[in-house]
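First, one chain by itself in C-alpha cells, the form predicted alone.
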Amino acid sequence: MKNKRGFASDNNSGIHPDILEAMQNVNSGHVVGYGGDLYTEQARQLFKEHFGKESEVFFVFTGTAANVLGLTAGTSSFNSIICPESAHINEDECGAPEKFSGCKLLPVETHDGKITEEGVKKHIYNINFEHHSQPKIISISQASEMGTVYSISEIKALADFAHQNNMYLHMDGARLANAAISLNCTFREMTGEAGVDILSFGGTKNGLMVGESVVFFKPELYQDFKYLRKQGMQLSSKMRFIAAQFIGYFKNDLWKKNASHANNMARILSEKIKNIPSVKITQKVQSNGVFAIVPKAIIKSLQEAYFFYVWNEDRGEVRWMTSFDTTEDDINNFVEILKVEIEKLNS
C-alpha cells in the first residue's frame, strides 16, 4: 500500500516536532540506565502533578503491555476481567491479557462501547465458588473504542460498584487526552479522583514516538510491579528517552493542543457529512473518531483515496480517525470524494 494520508488510525500520524526536540534535549552525555536518571524522575513528578501525589507511574514500550501488565498487577490467574466486548483488550491484543495474566475476559455487549453497572452485574455470581473464575477488575476505555466518552459520574458509578464488590477499576487511557478535552476536565478528575485504580496512559496516538505508561492509585497494586515489568520485557535500559517524551508532552500543555485539534477535526468531519444522503453517523462524536454507515459499493474507492478501516462489514459501518496532524484540507478533499462517489452510485 502506498504511503498516503488517511483516517485509518491516529497511530498512523507522525511524531510531533516538540517530542523529537524533547528527545534530542536529553541525548547528550551518560546517565544511569533503567530509570535511575534525572529525566525519568522529572517525568515521574510531572505525572504526580497531573494525576495526584498518591499516584505512581511506570513506563513501558507499548499500549498492549501497559494494559496487560496493569491488569496482571491487580489479579491472580483464577480471576476474571469484565470489559466491553469492543474493548481493545478483548478485540485487538491477540489474547495477550488472557495469556499473561491467566485471567478470563468476560465481555459485555454494548451499543456505544461503554459498559454500565447493569451490564457488569450479570457476571457477578458464584462468588467464593471455586469452580468459577472470580471477577476482580472492571476494565473500561476512555475514550471508548467507539469514540464515545464516559462522564465523570459514570466512571465514579463503576468505581463505586467495583469497590463494593471487592474489585478494581482499570482504565485503558490510550486516548485519555481526547477524553479530557471532550469533558473539559483534568486527568486527575476522571482517573484517581473518580475512583480509577489502574490506568494505562498513552501518548503515541497523540504525538509521541514510542512509550506508554501504567499509573497506579493504590500502593498495594504497585509494590511489586517493577518485577512484573521486568518479567514482561518492558524495562527500558535507556528510559530517559521515554521519559523525555512525556516531559515534552506535558510541557506547555502540548497534549491538550494536540488532542483539541484531533477532536476538532472529527467534529468538522461529522458536520460536513451528517446531511449527505446515504451516510449515517452511528455514534456520538465525542473524541477523535467518526463512525458511519456508507454504501458498501463505494468503500473500496474511498479507501484508495484516503485509507481507513471498515468497522462492521455486514452493516457497511466504517471508522474514520483524526489525529493531531489532520488538516482541514484532508477533511474537505475526502468529503468531496465521498460526495462524488455517492453521486456516481445514484446516477
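Computed from a predicted model, the values in this text were never measured in an experiment. The numbering used is simple: start at 1 and walk along the sequence shown.
Omitted here: the form predicted together with another copy of the chain. The next part is about that form.
- The partner is absent here; in the predicted complex, the one residue of 253, 220, 130, 118 having a heavy atom within 4.5 Å of another copy of the chain is 130.
- Of the residues given (185, 157, 268, 96), 96 alone sits with a heavy atom within 4.5 Å of another copy of the chain in the predicted complex.
- Figure note: of the listed segments 185 to 193, 140 to 148, 260 to 268, 82 to 90, the one touching another copy of the chain in the predicted complex, with heavy atoms no more than 4.5 Å away, is 82 to 90.
- Taking the partner from elsewhere, residue 39 is found to have a heavy atom lying within 4.5 Å of another copy of the chain in the predicted complex.
- Although the partner is absent here, residue 12 sits close enough that one of its heavy atoms falls within 4.5 Å of another copy of the chain in the predicted complex.
- Put simply, residue 247 is far from another copy of the chain in the predicted complex: not one heavy atom of it is within 4.5 Å.
- Looking at residue 64, you'd find a heavy atom of it within 4.5 angstroms of another copy of the chain in the predicted complex.
- Looking at 22 to 41, the residues that come within 4.5 Å of another copy of the chain in the predicted complex, counting any heavy atom, are 23, 24, 27, 29, 30, 31, 32, 33, 34, 36, 37, 38, 39, 41.
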